[in-house]
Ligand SMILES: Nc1ncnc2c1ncn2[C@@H]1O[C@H](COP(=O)(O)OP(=O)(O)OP(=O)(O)O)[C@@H](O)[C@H]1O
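The chain below stands alone, shown as C-alpha cells; this is the form predicted on its own.
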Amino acid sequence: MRLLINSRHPIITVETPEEARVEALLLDVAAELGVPLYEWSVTTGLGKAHGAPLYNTDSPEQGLANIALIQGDGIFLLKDFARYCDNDKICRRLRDLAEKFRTARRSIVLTAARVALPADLEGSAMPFQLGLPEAEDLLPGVRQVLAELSRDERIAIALDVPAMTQLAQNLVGLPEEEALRALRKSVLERGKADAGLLDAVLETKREALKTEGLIETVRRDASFMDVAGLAHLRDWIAKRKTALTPEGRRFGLVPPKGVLITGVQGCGKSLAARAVAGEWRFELARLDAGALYDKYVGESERRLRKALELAQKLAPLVLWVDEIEKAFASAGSSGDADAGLSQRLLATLLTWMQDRESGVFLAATSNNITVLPPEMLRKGRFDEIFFVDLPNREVRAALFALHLKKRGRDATGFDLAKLAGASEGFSGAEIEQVIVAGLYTAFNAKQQLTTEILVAEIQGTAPLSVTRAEEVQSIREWAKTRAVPAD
C-alpha cells in the first residue's frame, strides 16, 4: 500500500469486508509517510480520521468537491463509494481528481466487499489485495477474546503460549472478525478453553467456510489404512513425505506439487486423494470444480482467485479437486461454447499451479482425462498422473475384508478367496454395495451374513466393466503409455 501511494497511483481499490483492517493499515501508512488520513462515508461525511466530519459532506458529490479543496498530500478513504460511480457526474468528478492526483502524493482508496468501477475509471484504478490475516495477525485478537471471556464469563483458560499460537493458526482462512466470532462461539459452547478447543475451532471454521464459496474444508477422516491396494501410489506418497521434513529440505528435496488420479469409476480415486491428507497430517479442503461458473462477467475468475488465495492461507493443505474435467473440459476447444470463460479459468489455475508457494498439495481426480486440455497434463503442473484400474483378485479379497470389518463383521468367518474369484471385474464401490445389499438380504431372512449370501448378490449384479465395457477398455488403453499404474 505504501508503495502504491508513493508511486502516485490516484485511485486504489481494496475489495474486502474487513473495513476496520483497511482503516488500521492506512493509519499506519499515513503515520509512516507523514501525511493525513481522511475518511468518508455516506452516514458521516468527510473528515480526518477519528476527527469531526465537515458539515454537509455526506453526499458523494459534496465529498469529492471538498476533497478537491484540500491542499497538500493526503490519503482519502472512501467507504462503499464504488456504488455511486455509475452516476455520470460523480464519475467525471472522480476522474478529474485522479488527473490532479497523478502529480502529488495524494491517493483515493475505495473499499467495499465488492468493488466494480465503470470502464472510464478502471484505467486510473489500481487494485490492492488485502488478503486474509495470518496467524500472527490473529494472535493479539485471540488473546484479547480469551481474556474477555475469562473476565466476563468466568471461563477457565488452560492454554499455554504454544497452544494459543496453534489456536490462531487453526483460525487462519477466515476474516479477522469472523475468526474471533468463531473463537467466542467455540469457547462458549464448550464452557472452557482447554486443548480440546483447538479441534473445536477447526470444526467451527469448517462450518463457516461452507457458506463462503468454492472451498469447503473437510474433516480429515481417511488414510491409506482405509485403502486396499494402490501400492505404487502409497509408495510415491510415502517418499514425498520426506520432502516435508527439515532433513529433506536440507538435503535439497523439493516439496511435491500434486497428483492427478484417473481411472475406472468406483475404484477409489477420491478416497486415495483424501487419504493423502490423513497420511501427511495436512488439513483437507475440497474445491468444487462444478460450481466455478457464475452468470456475471468476470465473477467466475474472481471467485477462483479468491479460492486459491484461501487455499494458500490454509497451508499446509491438501486441496482436493474431484472430477476436475467438469470445470475445464471445454478449455481444450475453441472456447465458443462459453465465450472463452473456461479458457480464462484454466489460465488462472495453471498460473497458480506453476507459481504457488509450497504448502498446498493439489490432489485432483478425473473420470475422463482425455477431455482435459494438454497444457494441464504436462510435467510441471502435476508431479505425476496415476491410473487406478479395476482391482485384481488379491485386492478384491482385501476390499471384502476391509468393508466387512467396517460393518462389524469378522472377515475370517468368510471365504475371501471365493468372494474375490466370484467378483471378477467389480470395482471397490461395487464390492461395498454387494456387502450392503447382502446385509439387507440377511436381515430380511433373519440370519447372519454369510459367504453364500454375498456370492448370490455378486451373481445378481452387472458391474460397470460389463455394462460400460467399451468405455472401461478405452480408459485402460489410454493409460497404458500415458499414466503410472497406482497398483
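Keep in mind that this is a model prediction, so the values were computed, not measured. The first residue of the sequence shown is number 1, and the count goes up from there.
Omitted from view is the form predicted together with the ligand, to which the following refers.
Out of the listed residues Q343, Q265, Q166, N87, Q265 is the one that sits within 4.5 Å of the ligand in the model of the complex by at least one heavy atom.
Among A456, A429, A422, L33, the residue placing a heavy atom within 4.5 Å of the ligand in the model of the complex is A429. Here the chain stands by itself, but in the model of the complex one stretch of 379 to 387, 270 to 278, 113 to 121, 199 to 207, 270 to 278, has heavy atoms within 4.5 Å of the ligand. In the model of the complex, the ligand stays beyond 4.5 Å of every heavy atom belonging to A397.
The ligand in the model of the complex comes within 4.5 Å of a heavy atom belonging to L402.
Of the heavy atoms in N367, some are within 4.5 Å of the ligand in the model of the complex. In the model of the complex, none of the heavy atoms of E177 sits within 4.5 Å of a heavy atom of the ligand. For the partner-free chain shown, nothing in 14 to 35 comes within 4.5 angstroms of the ligand in the model of the complex, judged by any non-hydrogen atom.
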